[in-house]
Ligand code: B16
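Read the single chain below, which is given as structure tokens and is the form predicted alone.
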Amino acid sequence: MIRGLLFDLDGVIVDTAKYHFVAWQRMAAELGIHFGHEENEQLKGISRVESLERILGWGGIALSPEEKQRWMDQKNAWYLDCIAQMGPDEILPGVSEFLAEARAQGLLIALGSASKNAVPILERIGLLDAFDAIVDGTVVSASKPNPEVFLEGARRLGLLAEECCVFEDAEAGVEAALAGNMYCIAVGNPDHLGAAHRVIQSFVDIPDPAETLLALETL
């Protein structure tokens, strides 16, 4: 029986990926490294540290730990500038309704995100109170596809892994959910997310959230 839902943040609840792209691209440009949408796709679902390491690897650049921290701080400052004006209008279509229906059905809800800015983002879009537990990059250190973030989310909800359904938009996140022995619904392109148990284009594609959630409870 599915008793809890775990949501990734970027690309599932809000589209902050576009702001990450702007900030990483600006950093890469200052380092003389090419960074386009193809490279950006490879950063979905992974931590800030690993994202920086990948970008430096593409550019063949070695930096000291102090320099790496300086660039990560600078990238985050640019990102925070981008998200400072976010509001409820940036919640992706159908998400608010689905969360409300999940709450009405008595399901527990947690966030499982690598982002270290999850709480301020949820505050800005007015969804902080929609979650019973928040597990983000300030809580766990292992990047997806390691299932740590979702397993910790299940633990904080007081549930077993197999009692949880994960909503993800990244391959690494789908892998993490499956590695954690959880049901996974992917949001996005089925060509990249086909390993999930089910793929939807958006929450608007779930015409009857109550029916969907009840179906999950019979798994």
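Quick note: we count residues from 1 along the sequence shown, nothing fancier. None of these values were measured; they are calculated from a predicted model.
The following text describes the form predicted in complex with this ligand, which does not appear among the structures shown.
Enquirer: Decide whether L43 counts as a contact residue for this ligand in the predicted complex under a heavy atom distance cut-off of 4.5 Å.
Expert: Heavy-atom contact with this ligand at 4.5 Å: present for L43.
Enquirer: In the predicted complex, does Y79 have a heavy atom within 4.5 Å of this ligand?
Expert: It does: once this ligand is placed as it appears in the predicted complex, Y79 has a heavy atom within 4.5 Å of it.
Enquirer: Even though this ligand is not shown here, does D169 get within 4.5 Å of it in the predicted complex, heavy atoms only?
Expert: Contact with this ligand, yes.
Enquirer: If we define contact as a non-hydrogen atom of the residue within 4.5 angstroms of the partner, is L9 a contact of this ligand in the predicted complex?
Expert: Although this ligand is absent here, L9 would touch it in the predicted complex, with heavy atoms inside 4.5 Å.
Enquirer: Only one of these stretches, 46 to 54, 157 to 165, 29 to 37, 177 to 185, has heavy atoms within 4.5 Å of this ligand in the predicted complex; which one is it?
Expert: Every other range fails; the passing one is 46 to 54.
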